[in-house]
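Next up: just one chain, as structure tokens, the form predicted on its own.
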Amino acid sequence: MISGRSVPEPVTAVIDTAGGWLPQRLAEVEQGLVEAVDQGGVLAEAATATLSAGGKRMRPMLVLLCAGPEAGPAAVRSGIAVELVHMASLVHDDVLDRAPLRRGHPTVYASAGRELATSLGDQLFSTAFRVLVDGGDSRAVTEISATAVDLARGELLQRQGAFDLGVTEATYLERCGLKTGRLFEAACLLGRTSTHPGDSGAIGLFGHRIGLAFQMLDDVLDMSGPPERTGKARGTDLLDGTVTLPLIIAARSDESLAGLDLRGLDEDSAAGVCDRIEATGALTEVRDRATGLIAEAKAGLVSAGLDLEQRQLLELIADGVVLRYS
């Protein structure tokens, strides 16, 4: 049985609505993750702690939902691999950002140092490929390989734009599409083609859109959510020098924001900048745009060749992306 800790909202609402096949497959994914990270050696403890810290498991959920009730071992392996890639990217992000906290807990970087954290991220990436190779899933290996490259491209864009208030909305959207939307897209594609080879249709676009919405709403929460909810300081993106859509939009109506010295911010001044951004209405605008993306994603499911239950469950998880940030 899979616990609420490992599958928190909005995923639990989908489990409650779906048939018995979904909890069973999710439990197989969770067990597979435990076995994948418990390989012994110096990194095993850090890997297990990273897994145990929790997570929404939305990406494995998307794999399984897009595969449908016919989801079998190939879909389970893809769900495991997608989550391992996600975990690896978070560990590497924390190294690059020198992040002290994630989900309210010390990061591997903070607790064990840069070298171990970097090695852990590398191991999680390689383990994802091992899971797929051991299952003979050459098509899935190709998809995950391409996705990993896009994640790296997105991270490079973020590094290149660090502390740069000239980052445009187009660059922001490209970066988010690569860093977040791409893995959601891959999850949907891997799920669909595990039961319907060659029939990806519109399902990848659904994943990409909800991934973009997820990131946009996360960027809003970074500026509006209290630390006890987000597990990190308010305005952490500003402190990291990451220019996000709320700041880009707010600077259009408050020109003083365009001249910020991001490098000179501390936690108190970053919170003050968040207040100024919120006062422009930018957070509301970004929320509305994210909600629009969710609506587009749901509308596109009509042509994705899914059965009624699959479509309803995917619509529910799309709505859950918005509800999580409400």
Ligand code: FPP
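Here the structure is a predicted model, which means the values were calculated and not measured. Position 1 is the first residue in the sequence shown; the rest follow in order.
The form predicted in complex with farnesyl diphosphate (FPP) is left out here; the points below concern that form.
- Contact between Asp137 and farnesyl diphosphate (FPP) in the predicted bound form is not found at the 4.5 Å heavy atom cutoff.
- Using a 4.5 angstroms threshold between heavy atoms, Glu155 counts as touching farnesyl diphosphate (FPP) in the predicted bound form.
- Not displayed here, farnesyl diphosphate (FPP) is approached by Lys179 to within 4.5 Å at the level of heavy atoms in the predicted bound form.
- Proximity of Glu143 to farnesyl diphosphate (FPP) in the predicted bound form falls outside the 4.5 Å heavy atom cutoff.
- With the partner omitted here, the residue from Leu245, Ala251, Ala148, Ala74 that has a non-hydrogen atom within 4.5 angstroms of farnesyl diphosphate (FPP) in the predicted bound form is Ala148.
- Checked against farnesyl diphosphate (FPP) in the predicted bound form, the residues Val220, Leu212, Ala117, Leu90 give one hit for a heavy atom within 4.5 Å, which is Leu90.
- Segments offered: 109-117, 200-208, 82-90, 252-260. Contacting farnesyl diphosphate (FPP) in the predicted bound form at heavy atom distances within 4.5 Å is 82-90.
- Contacts of stretch 225-242 with farnesyl diphosphate (FPP) in the predicted bound form, defined by any heavy atom lying within 4.5 Å, are made by Lys232 alone.
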